[in-house]
Ligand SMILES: Cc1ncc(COP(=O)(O)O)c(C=O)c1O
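Take a look at this one chain, the form predicted on its own, written out in structure tokens.
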């Protein structure tokens, strides 16, 4: 069976984790600090803070912005539930909008139509690793007519003086937008290092800061405190001679990254360019094969100002129903090739349906979803296995359509 997305764990990974274990320091410590420094350098920003997930990163961002009950945060209807769940946890309302037909990303026109005086932030999702339209989002929130609707209610919002642009960059570490890596476009970007991501720390994430109105070093320190219950020192700092004393300055969260996670990340980051190159090669093999098929709608992963991180290869089958798409997936699995679907749209999930959201309000989201099949892409997928995947998908589609 060809698996869908196994992590890359080898002797280098094991050796680095073993080093962390033998150091006697396994929670947040020197390896986490080193990973933060190297990750910031890779992205091209001054500071990042590493956490236990991208979800935690977005939650800390909304908390710092002061998002609360009565506020609205615009999110795409086509995304994983975490994008909207963090808004719920902040007490605010997720305002779902439709997405583009070509690249699955949030529709700028839909965002424009959804902005109200209650809107405090927009969360754009770099779905599949292909960056959202950040230039257009920045232009939109700065338009006089749109900005006049903005209603700041705390000192952070007053200093920002516009709707915040947040990137759910869970998929897009290493992607390029206007010549810069993702993390340099939105006000803040939250990356994921979950086990199935291009760059993994088993579980983990990081927030990159890109706010000219605020010091990124101060933001990093603020987020570190917020990630440790509001405690002013982490365990490593407290462990130094005579440095036990600390304070708690806020009712924070508990979502710090550990050195065991950072150890994996250090190995992954060192060879990430190699990882991206291999994933690009697999994408190109799929693209070459499926672009010849009249029934296939191949994904967009490169344009004049964007280059994907090659996270998900989201193939669509033209003029197919959701039910027949599911039959194709079953037939492909029978041929011992694991494929997936990204994602069940938010409005189709029980929790959000029960809150009154309806998929009929997001027609392009449903059109994209019902035809989508995600194919395996990972470093250790061999050329022979890629051919097996292609043949299994082609045969399965042509058995059904």
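Owing to the predicted nature of the structure, the values given are computational and were not obtained by experimental measurement. Positions refer to the first chain, counted from 1.
Just so it is clear, the following notes concern the form predicted in complex with this ligand, a form of the same protein that is not shown.
K.L.:
So this ligand isn't shown here. In the model of the complex, which residue out of 316, 171, 181, 306 has a non-hydrogen atom within 4.5 Å of it?
P.N.:
Looking at 316, 171, 181, 306 one by one, just 171 meets the 4.5 Å heavy-atom criterion.
K.L.:
Since exactly one of 200, 231, 79, 256 fits, which has a heavy atom within 4.5 Å of this ligand in the model of the complex?
P.N.:
Of the listed residues, the single hit is 79.
K.L.:
Would residue 204 count as a contact of this ligand in the model of the complex, using a 4.5 angstroms cut-off between non-hydrogen atoms?
P.N.:
Looking in the model of the complex, residue contacts with this ligand include residue 204, since a heavy atom lies within 4.5 Å.
K.L.:
Can you work out whether residue 186 and this ligand are in contact in the model of the complex, taking contact to mean some heavy atom pair no more than 4.5 Å apart?
P.N.:
Residue-level check for residue 186: no, no contact with this ligand.
K.L.:
Is there a heavy atom of residue 368 no more than 4.5 Å from a heavy atom of this ligand in the model of the complex?
P.N.:
Outside the cut-off, so no.
K.L.:
Report yes if any heavy atom of residue 362 sits within 4.5 Å of a heavy atom of this ligand in the model of the complex; otherwise report no.
P.N.:
No, residue 362 is distant from the partner.
K.L.:
Specify the contacting stretch among 235-243, 327-335, 162-170, 292-300, defined as having any heavy atom within 4.5 Å of this ligand in the model of the complex.
P.N.:
In short, 162-170.
K.L.:
Going through 34-68 from first to last, which residues have a non-hydrogen atom within 4.5 Å of this ligand in the model of the complex?
P.N.:
53, 54, 55, 58, in sequence order.
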